[in-house]
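Just the one chain here, the form predicted alone, laid out as structure tokens.
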Amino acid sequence: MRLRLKKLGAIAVGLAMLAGVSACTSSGSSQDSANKNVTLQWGFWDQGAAGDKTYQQLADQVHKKYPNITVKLTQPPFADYFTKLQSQLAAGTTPCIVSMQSLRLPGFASALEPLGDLMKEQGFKTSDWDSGALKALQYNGEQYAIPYGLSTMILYYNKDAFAKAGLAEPKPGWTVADFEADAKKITEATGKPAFGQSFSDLHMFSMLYAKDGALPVTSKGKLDLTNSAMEKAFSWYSGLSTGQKTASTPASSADIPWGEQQFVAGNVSMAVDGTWDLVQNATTAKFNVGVVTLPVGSKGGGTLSANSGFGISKTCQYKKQAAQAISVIVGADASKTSAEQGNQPARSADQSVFFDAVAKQVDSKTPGFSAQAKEVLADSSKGATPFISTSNWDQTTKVIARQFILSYTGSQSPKQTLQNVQSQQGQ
């Protein structure tokens, strides 16, 4: 889940106003008017070529329904998005429409407008949505963003590599012992480490959760990396490269999504990735892709989940128009269009549309993929636990990458690594 957000300088604002168009960032004092021509900035992170096209089309649909509203979409890389957003908050140039991930919401909720009354005015009905997706974007009981998709973590595998190693393909419910045995045989058969390690929070911590029920943050939002379950699970994860020699280690701490990228490139045969990449991974990889739930440990099972959606910045001058725009971007027509393009929607009514799209786009290459995906996503959703984060989670993820690579490479013990991050970021 990539562009630089454009700042609207005073000169540009002035020229736009002279042309009868008001540009909305976080500053200014223009009067609100239902029929006034306004331009709303929409900050989102890069969705890949196909995804970027989809969301630009949605921005265009807003103008089609509300001719007085123009939405300008900008999409920096995900790795830069939240750092950029912090800078925009400081500079007073926050976009009116803010894309938000549930893991980062605690750190940005104070900059967002509660959506309850605004969305009711647009006919918003909670019953139309997956309840878990809605809840993930609430903070202290307030809804701060409206979700656009469902996101759980699953394991992607190379079906051809499993066949080459003489292995049966994994099924939902397979265990950590199964995973380790298969990884060893694939590494021997292909001459490449079978599994791709990652620094991506959801990807890595979901594996630790599935193995030992380990969680990095308490239910009250406090960093808790030194609990016994986390130490056990992280030692195992690091040991996949340092002990078992079956995992590929990121080349540097900057290679956050290492495992998932190496998988699509064909350099590893298994990696954890989100359900949002289901169609892209299956169609981009030059081999047959399979999916399965995360391997179950003796005290684990399930996965962590997160959701992303769209909110309104508190400093937005045109909150009513921003709510109208969001009602189109996540509306019934948009949800169906997005589902038809292979994105699993948060709206309950369009799940069948999504799986029909998966079948249309992937099954001709990998027969049976859509049926397998439907089973695995259902199992994954049933066992999903929302990922609770801290108020400074975005900063913590950067420290995690710098420290965790030391454990992956064996130059620092897993226990010391966790203690270092805890001491630097614990609150």
Partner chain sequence: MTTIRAASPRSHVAVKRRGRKRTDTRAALGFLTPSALGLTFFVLFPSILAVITSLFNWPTFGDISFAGIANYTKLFAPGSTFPQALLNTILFTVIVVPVNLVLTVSMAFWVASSRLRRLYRVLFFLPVVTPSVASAVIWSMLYQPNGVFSSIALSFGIHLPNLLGSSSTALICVVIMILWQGFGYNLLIFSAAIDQLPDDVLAAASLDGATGFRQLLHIKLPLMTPAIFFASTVTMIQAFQIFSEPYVMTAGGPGNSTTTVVMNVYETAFQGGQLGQAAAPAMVLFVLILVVTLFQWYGQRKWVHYE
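Only a predicted model underlies this, so the values are computations on that prediction, with no experimental measurement involved. Numbering follows the first chain given and starts at 1.
Omitted here: the form predicted together with the partner chain. The next part is about that form.
**Student:** Indicate whether Asn68 is a 4.5 Å heavy atom neighbour of the partner chain in the model of the complex.
**Tutor:** No, Asn68 is distant from the partner.
**Student:** Counting only non-hydrogen atoms and a 4.5 angstroms cut-off, does Phe108 reach the partner chain in the model of the complex?
**Tutor:** Yes, contact at 4.5 Å.
**Student:** For Asp46, is any heavy atom within 4.5 Å of the partner chain in the model of the complex, or not?
**Tutor:** So Asp46 does not count as contacting the partner chain.
**Student:** With a 4.5 Å heavy atom cut-off, would you call Ala349 a contact of the partner chain in the model of the complex?
**Tutor:** Taking the distances in the model of the complex, the answer for Ala349 is no, it never comes within 4.5 Å of the partner chain.
**Student:** So in the model of the complex, are Trp258, Gln395 and Gln424 all sitting within 4.5 Å of the partner chain, heavy atoms only?
**Tutor:** Yes, all three are in contact.
**Student:** Give me the residue from Gln138, Gln244, Gln86, Gln280 that has a heavy atom within 4.5 Å of the partner chain in the model of the complex.
**Tutor:** After the contact test, the surviving option is Gln86.
**Student:** The partner chain isn't shown here, but in the model of the complex which of Gly290, Pro250, Gly342, Gly297 has a heavy atom within 4.5 Å of it?
**Tutor:** None of the other options qualify; the answer is Pro250.
**Student:** If contact means any heavy atom within 4.5 Å, which of 108-116, 155-163, 174-182, 220-228 contacts the partner chain in the model of the complex?
**Tutor:** After filtering at 4.5 Å, what remains is 108-116.
**Student:** Pull the contact list for 383-408: residues with a heavy atom within 4.5 Å of the partner chain in the model of the complex, in sequence order.
**Tutor:** If the 4.5 Å heavy-atom criterion is applied to the partner chain in the model of the complex, 383-408 yields Asp394, Gln395, Lys398, Arg402, Gln403, Ile405, Leu406.
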